[in-house]
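The chain below stands alone and is given in structure tokens; this is the form predicted on its own.
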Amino acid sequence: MTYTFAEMRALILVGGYGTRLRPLTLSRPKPLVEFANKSILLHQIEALVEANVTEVILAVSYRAEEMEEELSVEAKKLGVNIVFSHEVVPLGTAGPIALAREILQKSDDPFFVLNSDIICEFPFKELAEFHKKCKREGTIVVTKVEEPSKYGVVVYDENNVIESFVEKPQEFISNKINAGLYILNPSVLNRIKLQPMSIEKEVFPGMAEDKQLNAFELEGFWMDVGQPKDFLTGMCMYLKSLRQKTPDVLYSGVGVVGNVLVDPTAVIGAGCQIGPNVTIGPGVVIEDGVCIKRCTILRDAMIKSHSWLENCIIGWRCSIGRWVRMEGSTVLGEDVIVKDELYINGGQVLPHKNIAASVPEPQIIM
């Protein structure tokens, strides 16, 4: 039996400064940075629309105008109403829900809440059905991780009722963590004040105490892509999932190894090895004899002949010289020029820089 709600809404928390993903976020707000050739936020909004969400509230504070401009165009295409809820002071992860109270209380239907850094196979339809069946105030999506000691873990019983949360446990209690995706009934608003508040620390523990919180176990991959290393790991997981579900969108040209996504407007020269795990954006030019592994190359970048790149994010409109070697989670901001025959290892290079000497040790280049 499929449950349908009359009018589903979602609130996405996009208020952060994106400091962990610098230098890319010095040019674009983090939710608009392209992940696998589509902004992180658009992955989420498209999945919500597929689950019959008709209105998406973006809780914004930083560089809101840029987001409004870009997303209103996408919203029209998708036929979804996007509302911008502006925080004057940062309100944490719960305050923005109180700020959007009037919109969220328009109907008695539950609403989704998402962190904007999350990439996974968003199971919104299944989540809504599960939530409706369980008849509790909220449902948290949980995901299994290898190292639970890095996170706060979620402890729940055999009926998926959450009992408690344990912050960074030193001994094994559970390997399930909060995945940053929730569905909540409007009654949750009675628990949240219009002030800076943490949903994880100040709202969920009370709901768990009242036995009003379910855990929904996520299938498939999950990643918080808010920092470069995790961004690249998430990209690998996402490409693998494309291979399983829609392999025809992956690139299969000459010299490709493994899972590679290439925008049709990109140009790739002769004798290149591209992949495994590479995303190449629109307007990118790759000259002859280039080797690229486990990298994201953003729009309009140029990689000149015989360069070798591994574990890098190359920003918009960058130019990489000939016979350059780059590795070690190097991230180039927008419009960086790297001269020929240089070696860069773990450099974080701010936008509009001109690199004329090798960077053998990881460092920030201002």
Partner chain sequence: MLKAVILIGGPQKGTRFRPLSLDIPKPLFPVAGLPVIQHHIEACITIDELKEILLIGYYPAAQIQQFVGDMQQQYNINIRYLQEFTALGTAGGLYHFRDQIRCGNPDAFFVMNGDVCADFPLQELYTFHKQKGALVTIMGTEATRQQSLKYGCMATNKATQEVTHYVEKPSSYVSTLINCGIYVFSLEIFSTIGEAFNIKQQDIYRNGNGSKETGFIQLEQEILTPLAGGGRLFALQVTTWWSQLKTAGSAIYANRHYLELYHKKHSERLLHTVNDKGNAVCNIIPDVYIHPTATVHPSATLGPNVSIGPGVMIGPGVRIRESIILADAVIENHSLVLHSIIGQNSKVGRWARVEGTPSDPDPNKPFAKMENPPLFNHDGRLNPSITILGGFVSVPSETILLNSVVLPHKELTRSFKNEIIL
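None of the values given here were measured: they were computed from a predicted structure. Numbering follows the first chain given and starts at 1.
Just so you know, the form predicted in complex with the partner chain exists too; it's not on screen, but the next bit is about it.
The partner is absent here, but in the model of the complex a heavy atom of 271, alone among 220, 258, 196, 271, sits within 4.5 Å of the partner chain. With the partner removed from view, the residue among 99, 208, 183, 290 that has a non-hydrogen atom within 4.5 Å of the partner chain in the model of the complex turns out to be 290. None of the heavy atoms of residue 21 is located within 4.5 Å of the partner chain in the model of the complex.
When the partner chain is considered in the model of the complex, residue 335 lies well away from it, no heavy atom lying within 4.5 Å. A residue is said to contact a partner when one of its heavy atoms sits within 4.5 Å of a partner heavy atom; residue 327 meets this definition for the partner chain in the model of the complex. At a distance threshold of 4.5 angstroms between non-hydrogen atoms, residue 355 is out of contact with the partner chain in the model of the complex. Only one segment in the set 41-49, 25-33, 65-73, 307-315 has residues whose heavy atoms sit within 4.5 Å of the partner chain in the model of the complex; it is 307-315.
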